[in-house]
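Starting off, we have a lone chain in the form predicted on its own, written out as structure tokens.
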Amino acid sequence: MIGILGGTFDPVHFGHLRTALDVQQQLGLAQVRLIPLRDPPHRGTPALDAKQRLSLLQAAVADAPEFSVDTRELERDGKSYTLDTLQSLKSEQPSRTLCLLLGSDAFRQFPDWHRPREILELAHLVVMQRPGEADPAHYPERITHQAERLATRQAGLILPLQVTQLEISATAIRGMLRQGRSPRFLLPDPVLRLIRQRGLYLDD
């Protein structure tokens, strides 16, 4: 099984990386693929262009073999739809089980995504939750609390999973940089070094 975590990563921070590592370790995933989006359909245009965000993401995980950076969304024109990405991954590795990682806030919007039922035909959903948070409200018939069940079928289950909660916001990090304040310890040092060297986010 492999994990899939998409996002703008604008910039990538420990809130992304720690939770993804939690899932990788708890489920024994072979890897987690981090997929930066070119043009996310449910949010505004990223502050940095695709090439800049990609370089920060690659710097963040350069020494983390649990993660790989997948650039297929950046190479495709148009909106970044999860369904297209999963179809592309499945065509390359038809026997591989895919686990799509979502925060609980993102999952609340999942029924409004582009063709959500078809997404569930291609992947399991892992809903990353705060300790004590209630089960997701959507698709209750698909919810399981037995992680081992994900390995018994190719797709269609929804696993709520408690992860380390780091209340880190990319928006807040960008604001700190604009104000001349240090966001150190909120994101990896190699990422912060590149941001400073290139003068990024100063006019976000």
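Quick caveat: nothing in here was measured; it's all calculated off a predicted structure. The first residue of the shown sequence is 1; numbering continues from there.
Here the subject shifts to the form predicted together with a small molecule, a form of this protein not shown in this document.
Proximity of Ser169 to the small molecule in the predicted bound form falls within the 4.5 Å heavy atom cutoff. Contact annotation for Gln24: none of its heavy atoms lies within 4.5 Å of the small molecule in the predicted bound form.
With a 4.5 Å cutoff on heavy atoms, Arg43 counts as touching the small molecule in the predicted bound form. Shown alone here, Gly15 lies within 4.5 Å of the small molecule in the predicted bound form, counting heavy atoms only. This chain is displayed without the small molecule, yet in the predicted bound form the stretch 160-168 from 160-168, 131-139, 146-154, 56-64 comes within 4.5 Å of it by heavy atoms.
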